Every structure is written in structure tokens, then in C-alpha cells.
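Consider the single chain below, provided in C-alpha cells and representing the form predicted alone.
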């Protein structure tokens, strides 16, 4: 990828400490980049500070041995049509430079052993495909009712998340009404809701097969979260043309067009507070940078426990607030490279969700695996990124890649927590190799033509996530999306510290789409204006002008 001129290394870029910025954003994940780009499109100069050596959070890629892998963008919903909400928001943030490739009719294929179920693009196609496999009248009624509830929960989410951005006075008067309908969905587990629709365990297992997209099995996840993910993909999946790094690259150009910067290798040590107001940041090298507004996209836990000075945080009761939430799950990712083209290997765009033979109870499968690492993987997600990107072949001719992801408790890796990347010892490498070979066998069962053709493979663990994305327990989705999470009123952009704002997936929900909307909500709260409507209207006008 051609590195954006707006993305530079803090170590190499000579930043004047007296340089003036309208805002400083900590973290270059999707939430932080969204905030910076929205402010940039208003003409403000924003500085984004990223600890990692590459920008983009979970949208970034890494390269090895002539291959490229995405670490978090495996597919995105809601961008398959120019008038779709997320399509217009991405268009606005990237000034129309970000393109999407549709994944086709079948975006997810769910496997239970040798039995598979296809998730087809479009709500009616989705229902029709499942009804072919579940012909009993009561099952078909459950499928219809399920999709109806998914849409209702999605609709209710709009006022719930909008309430996070309204002034405190408005929230005090109308906040309860704005939150209530969504909380009716959010306060119940996914399994509780589905068991009211059907007692067919197979149908429940199939309908909840995407739980890996938010990390919690049906008995522990909030139905509201499940509904958002399900609805997100009902109209199909898509992948960024040119790879997932194009997201950060194009949005950074928007930031740069207003004179802003995205600096990598730029760890922030702490916030600078004066009279309970955030006035700047202190870098790890001791340099102080100041701005009228500070936005943290580092996650609410990192912000309150690491960035806010301890005495100030304690006086405001911030650590106690964090006791009410839990971290999300951790994961392992196996990244494969092949010295043959996607076409020659016979790979397609459809994702695989693979579950143990005939075992439809996701909660029991997870419990068994957590208790015994040698138990069947509770879920194995397989993505074929080189098949999804139409520009892959011109970027990496004659090569192909596959990503494999599964859950992994952080506790399994705790004994290596004080070790350094690539220097964790032979026992760590042996454990990784055991997991890698088991995951490869799962892949070969469904794509047997790949056996013996792997040119490069490496496994990432929760320690990789901890080190590169700064989540202390390797959690991939920030905070856990259980029912209790949505009750927490402190998960909103405004903080008790003046001019300090939170953004990202902890403010709305997980995933790139959730983090983007988190950024929209944050800037809406800062500016007292609905930036989702503003960005959407402007994007539609730009799209119409371009098409004519």
C-alpha cells in the first residue's frame, strides 16, 4: 500500500510543541479517525496520536514474506448500496475515495460438521434460504418473527444511541423515553429471546451462528447486540477495494486536507488536567502537546485507568464506574499465505462459520473449550480476503491468503504476559504450533485442495492484541456486550472532565461500523449537532453530483 502523506511517524516528524491544533485524538482506530475526519471536514486542524507503528486500529494490515493480512476487517455490512447509511458515512469521511466490493449472494456459510446453512443477501432471501432447510410451519413462523424482532431492535437503537449525544438537560427530561425501547431488547440474553420463538436447538444454533462477530454465545450476549449484527449483514457483506488499510489511508487524507496529522509510534503517557479540564497530553518522551479538546479512542478502561491522572480519577469515582463492566473475549488468529492465485486454489468470497459436528449449543461448546484446550473449537471463522478484494491480484499476483479465527481465554497466555513479542520462549511457540496445526486440519476438512500448499503461516494470540492494540487482556471488542453493559450511563462521549471526550466501540457497539458511529455520536455531543444526518445529507449530495 502507498502510505498516506497524512500518516507519519512521530519519531521522524519534527512536531513543534507550540504547533496549534483544534483537537487531539488519542488512538487511530475507527472511532478516533471518524472524529478527526468530521472535524477536518468542518475546517478544524486535528492531531491523531497512535501508539502502534501503523495507523487504523483493527482496520490495519500487517505484511510478512510478500503477503498482506487484515487483522479486523473481514467483511462489513451496510455498504452495498450508495444510499445505505454506512456507505454514505464512509463516503463522507473518505471524501468518496473509499470503494467497496460486494461479496455476492451468500456472505456467510454456517457449518455443523458436514451440514451447512447459507446466509443470503436480502432479508427475504435470508428467510427463504433458511425456510428451505427448516420446512416445519412452527420453524418458519419463528424465522419470520426473528427477522421482525431484529429489525425492531435495530430501529429502537437509533434513539438509544442518539440520547448519548444530547445535552444533559435534554437527557434528564427525555432520556428515559429515548432509552427504554432499546433497553427492553438489550436487557435480555439472545438465548432468552430465541427460546420464546422456538425450542428447535438446531434453528437457534443457526440463527446465532454469527456470535463470533461480537464474541459472546447466546446465553451471555445481549439480544440487542446480536440483533444489530444480524441486521448489519442482512443486505450482504462487502470488503474494501485495495484492502482494509484503505480505510485509514483515505480517512487520513481527509484529516490531512485540513492541515491535520496522524502520527504513529506516538504513545501518550497521560492527560494534562488543569482545574478539572483536559488541556493536553503528555507523551511518553515527556513532550507536552496542547489543544482545546481531547478525544480518547483508547477505550474507556485505558482512558480512566491509564491516561487520567490517578488522583483526579479517584476523586471523580472513575475506577468505580469501571467495576460495572467486563472486557470482551480474546481470540487467536491464524494467517496463511499461498504461492498460488485465489482462482487456481478455488477459493471464494463466502465466509465460513464452522462448529462441532451436530452440536448446536454454542454456550456449552464454549464452556467445554475454556475448560479444556483440547476440546473441539467452539467456533472457527474462516475468511478469504484475497478472494474478496478485486485489486488483490494486481497487488499480489499469483498469491492468496486465508484468515482463521477462534476464541481463546487470555488466562491461557498469562504465564507469558511479561515476555516480549517474538521472544516468548520455546514453550509458547510449541503451544502456538499445536493450535495452528489443529486449525489447519479444520480448514483442510472444508478446503482439502489447500493441504500441502501453505507457504507461510503464523498465529496471533491475545498477547498480540494486548501489545499492538493496547487492550490489557487481549479483548478484541472492547467491553463485553452482555445485558448489563447497555445499562451503564457513563458509557457516553462526555466525561466528568471538561473538554475530554470518549469515542469508539465502547460508546456505541463493537466492530468497525459501531466504532464509526461512536465517532459520529462523539462529535455530535461536542458540537451540539446531529453529525450523522449532516454527514449523510452531504454525502448523498456529493454522490448525486458525481453520478450526474
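Numbering follows the first chain given and starts at 1. The structure displayed is predicted, hence computed values, not measured ones.
The same protein also exists as the form predicted in complex with a small molecule; that form is not shown, yet it is the one meant from here on.
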| property | result |
| --- | --- |
| 4.5 Å heavy atom contact, residue 319 to the small molecule in the predicted bound form | no |
| is_contact(residue 273, the small molecule) in the predicted bound form, heavy atom dist at most 4.5 Å | no |
| 4.5 Å heavy atom contact, residue 470 to the small molecule in the predicted bound form | yes |
| Residue 36: touches the small molecule in the predicted bound form, heavy atom cutoff 4.5 angstroms | no |
| In the predicted bound form, the one of 512, 521, 46, 502 near the small molecule [non-hydrogen atom within 4.5 angstroms] | 512 |
| Contact residue in the predicted bound form, chosen from 150, 407, 268, 209 - any heavy atom within 4.5 Å of the small molecule | 268 |
| Per-stretch contact check against the small molecule in the predicted bound form, the hit in 61-69, 37-45, 483-491, 23-31 (non-hydrogen atom, 4.5 angstroms) | 23-31 |
